[in-house]
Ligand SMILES: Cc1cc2nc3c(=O)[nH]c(=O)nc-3n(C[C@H](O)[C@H](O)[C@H](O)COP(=O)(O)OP(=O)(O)OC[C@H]3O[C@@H](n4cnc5c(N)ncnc54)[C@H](O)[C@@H]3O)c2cc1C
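Shown here is one chain on its own, the form predicted alone, set out as structure tokens.
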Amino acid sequence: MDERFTRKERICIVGAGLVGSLLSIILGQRGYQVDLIEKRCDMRKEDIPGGRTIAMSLSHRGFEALSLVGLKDYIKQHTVAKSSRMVHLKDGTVHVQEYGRDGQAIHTINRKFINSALLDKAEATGNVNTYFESQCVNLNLDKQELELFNKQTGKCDFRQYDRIIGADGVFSKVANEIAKQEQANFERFSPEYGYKELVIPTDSENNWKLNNKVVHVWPQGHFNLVALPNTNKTFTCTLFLKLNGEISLNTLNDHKLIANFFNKHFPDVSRLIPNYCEQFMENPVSKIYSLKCAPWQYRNKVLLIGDACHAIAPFFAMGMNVGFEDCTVFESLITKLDGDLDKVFDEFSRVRKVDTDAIADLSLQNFTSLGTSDKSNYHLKWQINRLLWNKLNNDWMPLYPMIAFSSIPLAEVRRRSTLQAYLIDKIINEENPSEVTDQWIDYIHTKYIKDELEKKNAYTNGVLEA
């Protein structure tokens, strides 16, 4: 083990969810002594209630982080790969749209499975101690001291550390303490939408009821339904709908209203789930939150990571991947800065925040995109984007592949996608194509795109410069 990373600093990570557990492995493998604190019970021994999302999506950024700790291949074996999405239109027809090319896919993984695997790996380092049902109730930032309430004993105790890292989610106790400091700016935003999950069971022969190689999307404009395949041959369906209003998650509160809603908007889904009304009544409503904040750290001794400092709406299903990429960035800074955590804490938020702000904005924008994917020009835009990608390779990559299948910094993804969307809209408005051919792609490349891509800084923060 590299002696640079065997310092006896005691580090506490508050939150043993996906990001906190992965970060504890990285630190433990480096030789740091870590206490991993979690207010909930150990999910490996008991089920955790609360309506947490069951099916998670893993893509390139997430796998890249898992490879750092030797878990990529093991986790990948327990996923379901989806190379396309299937858009179910109101008239019964479908559009199949590939996410990437050359076999690129996103992978469904069970939340409990991957979190349990991370916890096992953390404890196996020999440098990570896990403490469950231990809730942080108070935090002294200047002393790096936690007051922890033990739910089993009903007693509190105080622990002091050299460093504290808050990985405790969008309502982070650590973040709340940092937010009390002068010049802190914490902006939690809750869109008017929430979601509810249903499960499509297997058929009578225990097989899939739908194509399991795709993500299924039923767009309805202001709301939509998405179905992800699970390893047990079921599908997890997520209905994104307004929390309040005439048609909303809160007003769909009896069997008749629920049945009328599904029979009108998602009749094929209701036929796939015999007990969909019962599931809808029993399963909790989950709210959606987005968080942007500054600073992410306090005096280089207390740091935020993951949803604690940049929760994003789930409309790209990239929350876990972005949190895992935090860990990739953190690990690279440990190497770059010779294990000096003062410098790592300071540099981490400086280099990372611009990217997490970008994906937060893009995720909110994607909800509108999903809801309008039944519109006639949506598929046309998809075709043009893919053909330009084939022609120009890395000089032109559609938005989703940039997010899911590359390591392009997310702020750069936003810059490129803004320019590309502007050009596509301009092309469609001016050319009004009836069909898209390779020859036509050559023509629009010469007329609209070639010069724009050659301009330096053609876009800055999404605004076209003269």
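As the structure is a prediction and not an experimental result, all values here were calculated from the model. Don't overthink the numbering: it's just position in the shown sequence, from 1.
Below: the form predicted in complex with this ligand, not depicted.
Among heavy atoms of Arg352, none comes within 4.5 Å of this ligand in the predicted complex. Using a 4.5 Å cutoff between non-hydrogen atoms, Met320 counts as a contact of this ligand in the predicted complex. When contacts are judged by a 4.5 Å heavy atom cut-off, Arg415 does not count as touching this ligand in the predicted complex.
In the predicted complex, this ligand sits within 4.5 Å of a heavy atom belonging to Ser57.
Contact with this ligand in the predicted complex holds for none of Gly100, Leu225 and His379, as no heavy atom of theirs lies within 4.5 Å. Among Pro295, Gly339, Pro219, Gly169, the residue placing a heavy atom within 4.5 Å of this ligand in the predicted complex is Gly169. A single residue from the set Ile37, Leu410, Ala65, Leu27 has any heavy atom within 4.5 angstroms of this ligand in the predicted complex; that residue is Ile37. In summary, the region of this chain contacting this ligand in the predicted complex, judged by heavy atoms within 4.5 Å and restricted to 131-139, 331-339, 156-164, 183-191, corresponds to 131-139. In the predicted complex, not one residue of 267-285 has a heavy atom within 4.5 Å of this ligand.
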